[in-house]
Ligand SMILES: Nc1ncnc2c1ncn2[C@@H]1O[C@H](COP(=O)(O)OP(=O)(O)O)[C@@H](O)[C@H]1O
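Have a look below at one chain only, the form predicted on its own, in structure tokens format.
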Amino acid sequence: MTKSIVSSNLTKIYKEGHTEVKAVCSVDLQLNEGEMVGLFGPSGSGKTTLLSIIGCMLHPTSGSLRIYSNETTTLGEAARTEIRKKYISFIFQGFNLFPALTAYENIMLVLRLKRLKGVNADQRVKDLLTNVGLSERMNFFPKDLSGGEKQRVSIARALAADSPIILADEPTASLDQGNGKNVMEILKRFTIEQKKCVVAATHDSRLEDIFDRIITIEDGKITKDSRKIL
């Protein structure tokens, strides 16, 4: 099984005057391809900070983080950006869609940034929208889509880059239970079919059955790490 993410003694300390807060404390992880991981914990537990470090958006205070064997903690900002572009896609709670672009155009933008265009890019966008059940909505703007539809566009956009790692921060927080379960099941399908490593930070215990593995974090520390028994 290929290791996507490996961390050792990963720590993030915020300092304000003489006060120190350990947002992430000595975290050791090994996350694999084809694994859908739920990162659970209450607000302020360190979920988002840990996800941001794994996504190379935030630099840890100490420890090691390897993305597909690339040690990231010794890299400068430009090099970490390259790691992020090559290996990682994000899904956000607030969808982060461009309001002036249609669903089709929001996804196509990712392919343009990767210098993909023409018939192949067009077909890839259409296939992705079909796979998330939005083939009839591709020319709709975000304002004309429901919350669940917008999050499905976000998933399709994350998949468009074909990154092996997908990080999702509270992806269902803006959705009702039905839509939340639906978008997570779509993510699960792609995890299996395309051997993605998906890590979703959430506090919604109703989603536990979706994940292959559940990691609980409290006060910056991992307190539980369990895999589903097949």
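When you see a residue number, it is the position in the sequence shown, counting from 1. What you see is a predicted model, and the numbers here were worked out from it, not measured in a lab.
Absent from the display: the form predicted together with the named molecule. The rest refers to it.
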Would you check, heavy atoms only and a 4.5 Å threshold, whether Thr48 touches the named molecule in the predicted complex? yes
Taking the named molecule as it sits in the predicted complex, is Val21 in contact with it (heavy atom to heavy atom, 4.5 Å or less)? yes
Is Gly178 a contact residue for the named molecule in the predicted complex, using a 4.5 Å heavy atom cut-off? no
At the 4.5 Å heavy atom threshold, is Gly44 in contact with the named molecule in the predicted complex? yes
In the predicted complex, which of the stretches 25-33, 178-186, 48-56, 160-168 has residues with heavy atoms within 4.5 Å of the named molecule? 48-56
